[in-house]
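Before any questions on how it binds or moves, here is one chain, the form predicted on its own, in structure tokens.
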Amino acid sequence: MTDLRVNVTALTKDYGSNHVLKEIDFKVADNEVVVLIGPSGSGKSTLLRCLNKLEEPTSGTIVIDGQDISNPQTDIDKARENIGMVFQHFNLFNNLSVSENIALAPVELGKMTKEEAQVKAHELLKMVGLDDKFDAMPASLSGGQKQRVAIARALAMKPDIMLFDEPTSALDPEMVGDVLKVMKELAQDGMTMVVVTHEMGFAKEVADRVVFMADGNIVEQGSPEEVFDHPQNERTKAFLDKVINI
């Protein structure tokens, strides 16, 4: 496959004697939306955070867009410019306005002038349904609005890949839909995405591939229909029985 965006081989991550990831092989094709599901502590977020080296792998290789980011010689800051990341907690700068939050990285890294970044911020806020919050401060926003600003901020760098680490788990239930709607639109526009989520409805509707993890291993993967409707592994079945109201 020449259109691979992500190619992870034999990835392990240990914290002392705690083996969080065990020889993981994981690939993501261009324009593919991959959703990682599984119980807490299964290694989903650790795998995601290894993809932009927020976690340092113990061993194995991680190739993103043809670049081996597990190689210490690789300029990880440069590689990260093409990888957008949205966290569970929004990580906005509270002393900067919404538009300043979005414009900061592209201007600092010389990708855009201040004027260009302001235009881009307007465009992205419109996309996430928050055009009226251009000059607002983060403290005045709801959780769902903050998360949509965080998505806009990640998109300002024009990334090739977007990583989402449980982007709705800190939100009130009524705000979840607004954030998932933005993510669905991104997927429809062809953005390559890796998403860790507990939102099974989103996984069913939007994922090209669902990956079920447990105990640091990829236990099962396939299309949403295969994994949700015809799980092959007992561990997958037990998990889905618990999380999906039948």
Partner chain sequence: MKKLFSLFLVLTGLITAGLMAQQQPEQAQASKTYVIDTDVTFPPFVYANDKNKYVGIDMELIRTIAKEEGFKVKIRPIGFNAAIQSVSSGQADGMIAGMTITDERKEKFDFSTPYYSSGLVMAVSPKSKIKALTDLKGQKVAVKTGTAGADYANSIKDRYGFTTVTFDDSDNMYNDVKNGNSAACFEDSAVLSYGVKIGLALKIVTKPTNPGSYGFAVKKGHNQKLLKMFNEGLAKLKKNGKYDQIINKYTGSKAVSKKKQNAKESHTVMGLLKQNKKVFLSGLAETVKLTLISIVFATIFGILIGLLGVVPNKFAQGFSAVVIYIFRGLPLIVLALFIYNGIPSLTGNKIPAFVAGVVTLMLNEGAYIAAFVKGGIEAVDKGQMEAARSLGLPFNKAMKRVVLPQGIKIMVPSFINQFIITLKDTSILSVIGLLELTQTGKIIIARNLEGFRVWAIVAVIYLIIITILTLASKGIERRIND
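Numbering follows the first chain given and starts at 1. Since the structure is predicted, the reported quantities are computational estimates derived from the model, not experimental observations.
Below, we refer to the form predicted together with the partner chain, which is not included among the displayed structures.
Engineer: With the cut-off set at 4.5 Å between non-hydrogen atoms, does R80 touch the partner chain in the predicted bound form?
Structural biologist: Looking in the predicted bound form, residue contacts with the partner chain include R80, since a heavy atom lies within 4.5 Å.
Engineer: Consider A117 of the chain shown here, and say whether it contacts the partner chain in the predicted bound form, taking contact as heavy atoms within 4.5 Å.
Structural biologist: No - in the predicted bound form, heavy atoms of A117 and the partner chain never come within 4.5 Å of each other.
Engineer: Is L54 close enough to touch the partner chain in the predicted bound form, meaning at least one heavy atom pair within 4.5 Å?
Structural biologist: Although the partner chain is absent here, L54 would touch it in the predicted bound form, with heavy atoms inside 4.5 Å.
Engineer: S140 near the partner chain in the predicted bound form, any heavy atom under 4.5 Å?
Structural biologist: Result no; S140 lies far from the partner chain in the predicted bound form.
Engineer: Just one of 118-126, 172-180, 141-149, 85-93 has heavy atoms within 4.5 Å of the partner chain in the predicted bound form; which?
Structural biologist: Result of the contact check: 85-93.
Engineer: Sequence order please: the residues of 137-172 with a heavy atom within 4.5 Å of the partner chain in the predicted bound form.
Structural biologist: Stretch hits, in order: R153, A154, M157.
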